[in-house]
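Just the one chain here, laid out as structure tokens, in the form predicted alone.
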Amino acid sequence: MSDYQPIINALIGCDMAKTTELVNLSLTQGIDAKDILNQGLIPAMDIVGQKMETGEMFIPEVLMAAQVMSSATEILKPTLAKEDSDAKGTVIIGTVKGDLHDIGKNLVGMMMESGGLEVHNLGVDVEPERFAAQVQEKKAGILCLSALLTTTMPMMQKTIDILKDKGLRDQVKVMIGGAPVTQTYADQIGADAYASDAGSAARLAKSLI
């Protein structure tokens, strides 16, 4: 049992007051902000992701946990900013052109950010060319494409084609997801990975970095 277990328990329990109290207490005790993040908060969100995958936690609870994580991270930011960035990788995420759904995509982004990844959320209705430009500009290692409509799924293929045309395909892993998306479709369009939910998406992204 680590010294960070109370923080882990508080975050998994979506207890905002307790989590922020423990994070502040840890800082006043001189504990390194990176250690609080990497040994307390991020492992807690990994457990939240696992519980979502197994059906032990549901989207409203996961959103609450992500909000607690975000508040705790804000407390650590002033200290973390003085140190070298410890982000494990850069992710570009967005909903493809023609599709305006973003709840699931936002949850995936929050889970990945909570997992220590640097996430750039481009929003909804994103043109393939903009995805490619952001991959190039941010030197992203992972591109996450979301679609909730069968009619917009072909934009995932088009985005991958644009990456190929611009010579960017080999430098970025493409993950796809959304209600109508399947592993079979991911294989069909040449995506690197498919995630069925936010918990598995965050875990998968970290494995691809």
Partner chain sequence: MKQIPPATFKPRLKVLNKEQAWAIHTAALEILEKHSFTVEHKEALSLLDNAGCSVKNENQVTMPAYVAERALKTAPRQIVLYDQQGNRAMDLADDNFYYGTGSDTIFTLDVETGERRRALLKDVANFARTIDALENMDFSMSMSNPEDAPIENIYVHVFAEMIKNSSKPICFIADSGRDIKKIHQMACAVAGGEDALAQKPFILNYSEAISPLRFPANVMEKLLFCAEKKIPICLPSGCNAGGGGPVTLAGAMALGIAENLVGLVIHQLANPGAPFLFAPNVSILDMRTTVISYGCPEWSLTQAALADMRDEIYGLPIWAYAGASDAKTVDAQAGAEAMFSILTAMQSRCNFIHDVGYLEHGNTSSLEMLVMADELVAMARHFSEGIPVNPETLALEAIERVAGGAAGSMFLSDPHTFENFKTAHFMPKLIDRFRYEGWEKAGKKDMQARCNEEALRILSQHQVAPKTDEILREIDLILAD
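Treat the numbers as computed from the prediction; the structure is a model and nothing was measured. Residue numbers count along the first chain shown, from 1.
There is another form of the same protein, the form predicted in complex with its partner chain; it is not shown, and what comes next is about it.
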(request) Report whether all of 30, 79 and 117 sit within 4.5 Å of its partner chain in the predicted bound form, measuring from non-hydrogen atoms. (result) no
(message) Given a 4.5 Å cut-off on heavy atoms, tell me which of 57-65, 136-144, 39-47, 158-166 is the interface stretch with its partner chain in the predicted bound form.
(response) 57-65
(request) Select from the listed residues 130, 101, 97, 88 the one whose heavy atoms reach within 4.5 Å of its partner chain in the predicted bound form. (result) 101
(message) I'd like to check something about residue 122: if you look in the predicted bound form, is any of its heavy atoms closer than or equal to 4.5 Å to a heavy atom of its partner chain?
(response) no
(request) Find out whether any non-hydrogen atom of residue 182 is located within 4.5 angstroms of its partner chain in the predicted bound form, and reply yes or no. (result) yes
(message) Taking its partner chain as it sits in the predicted bound form, is residue 150 in contact with it (heavy atom to heavy atom, 4.5 Å or less)?
(response) yes
(request) Although its partner chain is absent from this view, report whether residue 75 comes within 4.5 Å of it in the predicted bound form, heavy atoms only. (result) no
